[in-house]
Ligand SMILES: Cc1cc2nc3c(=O)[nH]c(=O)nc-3n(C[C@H](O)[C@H](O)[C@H](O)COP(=O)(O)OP(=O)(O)OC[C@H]3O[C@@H](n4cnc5c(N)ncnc54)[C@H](O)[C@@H]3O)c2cc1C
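Only one chain is shown below, in structure tokens, and it's the form predicted on its own.
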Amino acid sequence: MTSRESPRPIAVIGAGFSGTMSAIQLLARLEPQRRVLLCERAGTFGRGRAYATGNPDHLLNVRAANMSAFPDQPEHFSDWLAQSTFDGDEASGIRVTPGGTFAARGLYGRYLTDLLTRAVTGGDGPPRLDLVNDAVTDLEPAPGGFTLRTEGGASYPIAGAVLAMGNLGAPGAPRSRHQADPWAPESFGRLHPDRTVLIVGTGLTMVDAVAALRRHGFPGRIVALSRRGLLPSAHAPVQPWPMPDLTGVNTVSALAARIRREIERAGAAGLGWRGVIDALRPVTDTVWRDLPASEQARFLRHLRPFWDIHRHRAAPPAAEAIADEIARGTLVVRAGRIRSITDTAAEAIVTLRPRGAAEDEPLAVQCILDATGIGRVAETDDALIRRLMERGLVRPGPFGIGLDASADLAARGSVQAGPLWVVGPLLRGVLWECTAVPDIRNQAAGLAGAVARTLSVPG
């Protein structure tokens, strides 16, 4: 590169929270001459699937006080809420509870859109953030980095790329013509009030799916099914607890026993378990990486559902709505697994095996919503991920639930090519807690430093 040439841009693929904050952090860390391409196939930037909803009953699962997009500005989101003006529907999405203030996901999407707008229009020099509203289909290795190609036929020479596409879709239940997208209420169609809707999964996505069905106008019976039938715990007032000493803990059994002892100590002090679990956040990924692969596998088989319902809690109003549905019998939560699905013109006949039962039973439903969450890399229908795996540029990470990456988030594959990084939920397996804002904002800041070091222009 001569002194007159501008350096090639860095591309960030995916413009949900992971990609948006990676792009914003990169703008702050890269040399002023280097541009950032933020690529998004959906119609809007900054929101992703999680924050594109307009349903005020879709609440964040983390208190507003801990939802700042910036690790060094902890009050940033709370201040934005206090200083912004909202109409009636938007204002109804701010819920103040004894367990903290919780905002609607759509409001958080507006917050991210504001941050992105400032990033595009701010600064003293020419704009450095370019928005590419197209699906990225390939990263072709080329001298100096890659050629990024899009579904629309455009191509861009880039120095490197950040993969920030969020959660990979899970195939979940066997496919059905009556399956709909829980994040796209328009796909629900006209639902008959006297016929059942099935939600596969009983975690936080199920909570949002129930809210989406009710907002859609469906008043009827909902059945939620998962292997264990466990529901997320609710947030409540919590007192801080000191970080437990987990030195030398290298088995799942020892880890569980240590956490139980901490919870007993907290109980003896008149405090609940929530503070103990919250105190583990700074060390969760260190503990995960230090566990042998065999112990990580044991955690996934036996403890993951129990960890998730305690670590990832529901906003109190959302949890209360689910409890009310169960009490009225309009929501039935079941433990079991799907054996098969047979479609007819009007409904799906789901054959399920209740947990602990010896016999299958049929369940006729008019609609199936998949709320299972985590997909496997080998099963993804994401065209870019599949192409990168074919090229050997990336590979599945531990247990196949994310992409492999090094400690500085550089992607690992069988072929050495231009610099490629991974951020956010795609790191599941390499890291454990990589889906919540407090975890991803730290990743984005660290990633920006790693990218800046790699792409630094020689003096």
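Throughout, we count residues from 1 along the sequence that is shown. Remember, predicted model here, so these are calculated numbers, not experimental data.
Beyond the structure shown, there is the form predicted together with the ligand, which is absent from this document and is the topic of what follows.
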Response to the item:
With a 4.5 Å heavy atom cut-off to the ligand in the model of the complex, the contacting stretch among 23 to 31, 56 to 64, 387 to 395, 406 to 414 is 56 to 64
Fill in: Exercise: Asp370 in contact with the ligand in the model of the complex, heavy atom 4.5 Å
no
Discussion item. In the model of the complex, is there a heavy atom of the ligand that lies within 4.5 Å of any heavy atom of Gly446, even though the partner is absent here?
Written reply: no
Item to complete: Please check if Gly14 has a heavy atom lying within 4.5 Å of any heavy atom of the ligand in the model of the complex.
Response: yes
Worksheet item: Can you check whether Asp208 is within 4.5 Å of the ligand in the model of the complex, heavy atom basis?
Response: yes
Practice prompt. Just give me the single entry in Leu331, Met165, Ile199, Ala348 that has a non-hydrogen atom within 4.5 angstroms of the ligand in the model of the complex.
Written response: Met165
Fill in: Interface residues of 101 to 117 toward the ligand, as seen in the model of the complex [heavy atoms, 4.5 Å]
Arg105
